[in-house]
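A single chain comes next, written as structure tokens; it is the form predicted alone.
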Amino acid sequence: MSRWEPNARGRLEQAALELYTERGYEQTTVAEIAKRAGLTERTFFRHFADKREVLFAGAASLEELLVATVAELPESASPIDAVTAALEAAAAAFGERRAHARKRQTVITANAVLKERELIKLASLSAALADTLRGRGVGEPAASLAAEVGVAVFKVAFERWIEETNQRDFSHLIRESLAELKAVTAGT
């Protein structure tokens, strides 16, 4: 093993996803992930708190992107328009990562502990969005409702995006899911 090679974090993420896909989450150890990445366990723990977190490495960046997008919008933007803009920014950030997202989600769906962690991360996204909306002067319950709806739309669109075979882009699926939500709430 070399002492230093670039992109240790990315290599650990890739190695973990490969092993979780091949062997299953429960059957994979941190030592095996580190070995596959050509690194040490100590290096693994410099980057991740545990073997679950390697699958959620992008959660903080996603939250930062959503919050920054909402915060930078003109004050005239409605809460739902602000959340929609944040979701559009997130969709753009996912770009060409559909295959990776699909593999990652397969691993998460197969394990209750990982599903729980995913729900915690989604709740954190919702709380951060609601806090940002409140910081823009949006009162309650509007801030919390817009944030929760945004996360629900994100989740539904994401699931459709990774499952679809016709390769519509994530942004399109977000807009479509929002339109469906509006139709449901309008009673049409």
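Fair warning: this is a prediction, and the values are worked out from it, not measured in the lab. Numbering starts at 1 and runs along the sequence shown.
There is also a form predicted in complex with another copy of the chain; it is not shown, and the following applies to it.
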| item | value |
| --- | --- |
| Heavy atom of residue 156 within 4.5 Å of another copy of the chain in the predicted bound form | yes |
| Exercise: residue 106 in contact with another copy of the chain in the predicted bound form, heavy atom 4.5 Å | no |
| Exercise: residue 14 in contact with another copy of the chain in the predicted bound form, heavy atom 4.5 Å | no |
| Residue 63, heavy atom within 4.5 angstroms of another copy of the chain in the predicted bound form | no |
| Heavy atom within 4.5 Å of another copy of the chain in the predicted bound form - residue from 146, 55, 39, 125 | 146 |
| Candidate stretches 136 to 144, 23 to 31, 55 to 63, 42 to 50 - the one whose heavy atoms come within 4.5 Å of another copy of the chain in the predicted bound form | 136 to 144 |
| Non-hydrogen atom within 4.5 angstroms of another copy of the chain in the predicted bound form for each of 119, 177 and 182 | yes |
